[in-house]
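For reference, the chain that follows is the form predicted alone, supplied as structure tokens.
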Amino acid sequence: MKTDVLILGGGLAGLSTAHHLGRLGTSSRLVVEARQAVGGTAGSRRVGGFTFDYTGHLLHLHDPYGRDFVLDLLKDNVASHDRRAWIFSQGTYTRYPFQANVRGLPPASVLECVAGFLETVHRPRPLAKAPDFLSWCRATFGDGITDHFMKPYNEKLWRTPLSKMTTEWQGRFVPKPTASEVLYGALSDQNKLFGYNASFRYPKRGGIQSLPDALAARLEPGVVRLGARVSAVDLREKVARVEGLGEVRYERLVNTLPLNEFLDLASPLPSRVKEARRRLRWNTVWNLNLGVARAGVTDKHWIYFPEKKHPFYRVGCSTNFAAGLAPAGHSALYVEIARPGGARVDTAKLESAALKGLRDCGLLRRRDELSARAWMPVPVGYVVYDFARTPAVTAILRYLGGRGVESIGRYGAWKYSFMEETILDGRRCARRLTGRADAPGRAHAGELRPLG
């Protein structure tokens, strides 16, 4: 089999690339997906009358093209929501983000948080040109907010000391309030919506699987092959071995698989790239989905848990996004627990600890019946932005670009992003491959020649 463009992975990045290539006139393209459904981690599973996603997958649409594209895909199957996100710590709920909403905490904690923040305003701490994330938090929010939330929550999520992480990832994801907003949120119930995810959209029916399904439906028959796992890629000969298809020859390769997994399939790799591969770090999100035989388990969309006594860092209620994700009279929860990438996990013990934690914080009642439960882990949940990440990724992508490979999306580009950005990554990739946009600089992907 031969194709001009071979795309590894049928998630949003791969499907978007194939779609936009088609619109730009490239008909010879093939998407190979190991699973029997498109979507990747932006997909859903049906379990006993429930529809479960691979953790919370919400649509944050900020780019005009991305917004119009997604809304056109989903048509009438989409609803808008204002975020209802909270934090549970010190035995009480406070609004998200923590740094602007400490009202309700014990008075001593409120004082520590407010005084620490005001100190950053009136006596700013010097920061290195490329600070570690912990130093940045203390300089930006003060010791109180850092010690009560930023440090425990982020170490629970990233499973890495914050002093070893950079600030490259946080950008839009960690909003900084003003001093007046901090004071107001310490004294009053501040319901201002901060941050990039202040509102979101979600399908009314079918879970997030509706989005990749709608995108795949716009491709010609045969462009996507399911159950087609890639076992090896010869970068020199431009041949991939694919289950069910045999050898597939290509002119250009687009990788959307996790970068670490792709490199383990690819050859030849020079020693510098192998060494860079060994420096990649990530966590695995062990996602436990629960069907609860009780409506209205919580009125919140999701809740953050910074304290160590709770094994999970976040719990969401997907039936508050779309009631049809569960049978009538039931609720659906997703429980997120992070572990270092590659670590072994005893899911039976972890499930027992998670259920105990849910009961201890009051989300589950002792008599609640669980109608369904399903582990749906995300092997590469979050890329760890330690100080080795950027040099390693730069070296890897430079080499791959020189071999005619684009590695894109949240996983292929080894970055922290969201669904809209992943779709736009596919569009940008298609434009580069067809000469509609400038190729990335040599430091990122080598010199790429457009198809033609």
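Being a predicted model, the structure only gives us computed values, none of them experimental. Don't overthink the numbering: it's just position in the shown sequence, from 1.
Quick note: we don't show the form predicted together with a small molecule, though the next part is all about it.
Proximity of residue 381 to the small molecule in the predicted complex falls within the 4.5 Å heavy atom cutoff. Residue contact check for residue 418: one or more of its heavy atoms lie within 4.5 Å of the small molecule in the predicted complex. Interface membership of residue 395, defined by any non-hydrogen atom within 4.5 Å of the small molecule in the predicted complex, is ruled out.
Residue 213 falls outside the set of residues with a heavy atom inside 4.5 Å of the small molecule in the predicted complex. Contact annotation: the small molecule lies within 4.5 Å of heavy atoms from the stretch 252 to 260 in the predicted complex, the single such stretch among 81 to 89, 213 to 221, 252 to 260, 182 to 190. Screening 67, 35, 403, 45 for any heavy atom within 4.5 Å of the small molecule in the predicted complex leaves a single hit, 35.
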